[in-house]
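Below you'll find only one chain, the form predicted on its own, shown as structure tokens.
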Amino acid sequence: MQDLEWDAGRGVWLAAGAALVEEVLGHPALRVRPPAEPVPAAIAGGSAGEVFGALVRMNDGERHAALKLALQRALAAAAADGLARERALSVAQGLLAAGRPLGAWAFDAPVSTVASLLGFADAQLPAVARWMGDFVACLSPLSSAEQIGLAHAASLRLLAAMRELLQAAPEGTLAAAVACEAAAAGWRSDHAILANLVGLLSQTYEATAGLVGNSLVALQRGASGADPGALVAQVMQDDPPIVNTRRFAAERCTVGGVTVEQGQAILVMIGDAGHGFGHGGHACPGRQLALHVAAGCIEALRGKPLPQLTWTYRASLNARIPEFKQ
């Protein structure tokens, strides 16, 4: 087993290789957030911070387990019946027919698909996608003060929209399924449910959009799009959108043959280890849904000649998300 390596420049331990990554992601003493800073200081005290603090993926223990199970069951059901891929194909085709530029399309198609599955009407999808674009801008340590201000405003709009959606969500929508599963799991916090519906869209806007974007890159480089599902699965292995994550020691512990002191951080290279969806208790509950949505988006391009694409990668500490010039 590879040992942890200390990166003096960044002041973190580095974990690479599948076995070590799995050990880190499954270690009971390692947390998803620094114990002294459960919410990033830059957004603490505002609406975006309140959403962040309630997210399943940003909590451990009891606050994580019950709602994670509810989300997992609801998302698995949404992925199982083929509806997600069909909805993604329809939404993505509609955006293309409306003349949406490919660069914006790669972000809007996945998040609009999941918003549609949640129960939002077609007329609401552009606003939800726009608010989500503003919201996710605050989730990076690289965010500016202006971006954080926009994110606070967007989070209020998103929470209000989710509240209204849940009050009227008909049976068969993803929002109704999450609420039902949350109640069955004993979760009674309305704010947590609303925040995690927002969180579901935020992960779609970044990670699933990154998977769609990286699939476009693969097509541009000569990969076959004849089987969109196979293409997306291969891209997830070769060029995943999320390449690393972090864990923080809640107490002194031994990991990968070395002693990690309380408060120290570990940079976990999940992309290179083949764990782009994470591993263990914090593995992404929407893995299959994301693959189906991305495949549906790529299927919408079948038979359409792609323009010559140029791109850069969005400024990020943990993701490879292409931004296309077109």
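What you see is a predicted model; the values in this text were computed from it and never measured. One-based numbering along the sequence shown.
Just so you know, the form predicted in complex with ligand HEM exists too; it's not on screen, but the next bit is about it.
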Partner proximity in the predicted bound form: Gly257 to ligand HEM, non-hydrogen atom cutoff 4.5 Å: no
Heavy atom to heavy atom, is Arg33 within 4.5 Å of ligand HEM in the predicted bound form? no
Thr208 versus ligand HEM, in the predicted bound form: is there a non-hydrogen atom within 4.5 Å? yes
Consider Pro285 of the chain shown here, and say whether it contacts ligand HEM in the predicted bound form, taking contact as heavy atoms within 4.5 Å. yes
Name the residue from Val91, Ile193, Cys138, Leu75 that puts a heavy atom within 4.5 Å of ligand HEM in the predicted bound form. Leu75
Assert contact residue (ligand HEM, in the predicted bound form, non-hydrogen atom within 4.5 Å, options Pro28, Gly281, Gly45, Gly274) equals Gly281
Suppose contact means a heavy atom within 4.5 Å; in the predicted bound form, does that hold for all of Thr204, Met236 and Pro241 with ligand HEM? yes
Which single stretch, out of 296-304, 35-43, 257-265, 52-60, brings residue heavy atoms within 4.5 Å of ligand HEM in the predicted bound form? 52-60
Across 180-200, the residues having a non-hydrogen atom within 4.5 Å of ligand HEM in the predicted bound form turn out to be Leu200
